[in-house]
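Below, in structure tokens: the form predicted on its own, a single chain.
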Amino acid sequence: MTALLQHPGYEEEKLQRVADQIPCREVQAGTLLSLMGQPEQCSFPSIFIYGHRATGKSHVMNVLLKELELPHATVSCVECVSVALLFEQVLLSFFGGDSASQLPRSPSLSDFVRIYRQQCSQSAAKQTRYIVMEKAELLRDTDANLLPALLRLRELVEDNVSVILLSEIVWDKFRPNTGCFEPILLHFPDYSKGELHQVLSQDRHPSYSAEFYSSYINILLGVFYSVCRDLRELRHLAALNFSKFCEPLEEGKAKESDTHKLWKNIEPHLKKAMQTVYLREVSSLQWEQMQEMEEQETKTMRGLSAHTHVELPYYSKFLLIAAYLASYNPARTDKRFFVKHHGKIRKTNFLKKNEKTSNHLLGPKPFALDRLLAIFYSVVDSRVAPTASIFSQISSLVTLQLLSQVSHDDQLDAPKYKCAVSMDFICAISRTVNFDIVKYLYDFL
């Protein structure tokens, strides 16, 4: 694809290095080269490059400028929280620290233009100078005259300078109502599935063959491509889960050609990783530690209870949580936990002489149906009508032996129950509905 990067103003060796670093973006790089022209020629005053996140805009621009050794200043609009920092960064990159020190404390656009023209008179540009503005959509929140001035900066400073804006939004959302100079527009499309596979396959581990890593990327894209097409996020996921993919090889249970065994080993791990796509709530090391802890828990929690906590309906989980609280909390503590304006009540006021033993050691105590429902309506995070569906779910919990009925069958007015699940199981249930049950247990106050 290097033919797309052929240009009479640059050496073929430099163009080859550029092509090697920007796979699947040779067309866009070739278009940029044609817009930029030869280094000594005047380029377009302003170019607007737009596309979704992680489509290679900044990467292609930085590779071109560095490998072709063109004078440039790269400014991040996120880091430059004021126009003073923006002006200082441009002057520092082109003319050195002496020029940036001439700026006043709160420089205006005219101050920047004046100092820039002074420096140009002392050191005229032999090549086109490029100012690259990353996250350019933030310029819309600055002074109204800044964006129009940048678009025609060449006229203001009388120098061979070109401003390149990189943004994730289209130009129509930039254009001021008063009108301004229209830049040249260049779109970077999203990577296709085949292009993502080609780019990600270049990050292969040196200990394994290219075919093996390519098959791993193919599996990864088969799982995540429907929900995530961000190159940076997919690259992070590929690096995070590759060690799990290689476990059967390291243990000697499979070979590189045993794709089915490797897929069976990595499939549940990738499904769990899908829950954290884009979130990055934990670091890579913390994610691996969490997976190890979950594997240990699943080994100890086998049988009916370990399986059914995933299959329970949403409100059945809250009914089971309410039943556990009713079984292990004294009835007189309900006001403390479930009434908002209960006043200041200390645990010492509750404690009796015969209540020195933990309720969890004594075992679950029976509770009435009305108390179960009262706690349920207090802990559930939405309004629920007392319909027949709620009562049928209580019967289902009894059938599953997660609750046990301790009253007689003929006692219809006030049946009593006991909760029959363990502490580990109810904590697992609580995590699935984001409920911190420990805060509501009397034994852990």
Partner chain sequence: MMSKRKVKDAHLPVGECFTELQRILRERLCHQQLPDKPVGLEAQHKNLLELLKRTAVHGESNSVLIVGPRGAGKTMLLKCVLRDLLEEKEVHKNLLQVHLNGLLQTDDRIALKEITRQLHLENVVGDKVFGSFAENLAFLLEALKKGDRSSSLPVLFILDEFDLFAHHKNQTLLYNLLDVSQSAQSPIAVVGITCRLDVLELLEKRVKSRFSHRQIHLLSSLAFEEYVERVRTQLSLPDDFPDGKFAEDWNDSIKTLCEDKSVEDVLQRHFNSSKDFRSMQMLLMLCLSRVSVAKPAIKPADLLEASRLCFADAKANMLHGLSILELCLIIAMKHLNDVYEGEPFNLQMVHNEFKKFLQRKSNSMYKFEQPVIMKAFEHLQQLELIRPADSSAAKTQREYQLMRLMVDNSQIMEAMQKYPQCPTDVKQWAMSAFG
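The term rigid core refers to the most C-alpha atoms you can superpose between the two forms while keeping them within 1.5 Å. Quantities reported herein were computed from a predicted structural model and do not represent experimental measurements. Residue numbers count along the first chain shown, from 1.
Although it is not shown, the form predicted in complex with the partner chain is what the next lines describe.
Trainee: Report the residue, out of Leu156, Leu240, Leu92, Leu249, that has at least one non-hydrogen atom within 4.5 angstroms of the partner chain in the predicted bound form.
Mentor: Residue within 4.5 Å of the partner: Leu156.
Trainee: Only one of Ala331, Leu361, Val78, Ala124 has a non-hydrogen atom within 4.5 angstroms of the partner chain in the predicted bound form; which is it?
Mentor: Contact check passes for Leu361.
Trainee: Specify the contacting stretch among 208-216, 228-236, 258-266, 69-77, defined as having any heavy atom within 4.5 Å of the partner chain in the predicted bound form.
Mentor: So the stretch in question is 228-236.
Trainee: Quick check on Asp370: any heavy atom within 4.5 Å of the partner chain in the predicted bound form?
Mentor: No, Asp370 is distant from the partner.
Trainee: Give a yes or no for Phe391: in the predicted bound form, does one of its heavy atoms lie within 4.5 Å of a heavy atom belonging to the partner chain?
Mentor: No, Phe391 stays farther than 4.5 Å from the partner chain in the predicted bound form.
Trainee: Any of the heavy atoms of Gln275 lying within 4.5 Å of the partner chain in the predicted bound form?
Mentor: Answer yes; at least one heavy atom of Gln275 falls within 4.5 Å of the partner chain in the predicted bound form.
Trainee: Does the partner chain come within 4.5 Å of any heavy atom of Pro415 in the predicted bound form?
Mentor: No, Pro415 sits far enough from the partner chain in the predicted bound form that none of its heavy atoms falls within 4.5 Å.
Trainee: Does anything in 28-46 come within 4.5 Å of the partner chain in the predicted bound form by heavy atoms, and if so which residues, in order?
Mentor: Counting only heavy atoms within 4.5 Å of the partner chain in the predicted bound form, the contacting residues of 28-46 are Ser34, Leu35, Met36, Gly37, Gln38, Gln41, Cys42, Ser43, Phe44, Pro45.
Trainee: Verify the C-alpha shift of Cys42 between the shown form and the other one: is it 2 Å or more after superposing the core?
Mentor: Comparing the forms between the shown form and the other one, which are aligned on their rigid core, Cys42 does not shift its C-alpha by 2 Å or more.
Trainee: Is the shift of Val398 between the shown form and the other one large enough to count as movement, that is, does its C-alpha move by 2 Å or more after the core is superposed?
Mentor: Yes, Val398 moves 2 Å or more.
Trainee: Does superposing the core leave Leu33 with a CA shift of 2 Å or more between the shown form and the other one?
Mentor: After core superposition, the displacement of the Leu33 C-alpha between the shown form and the other one stays below 2 Å, so no.
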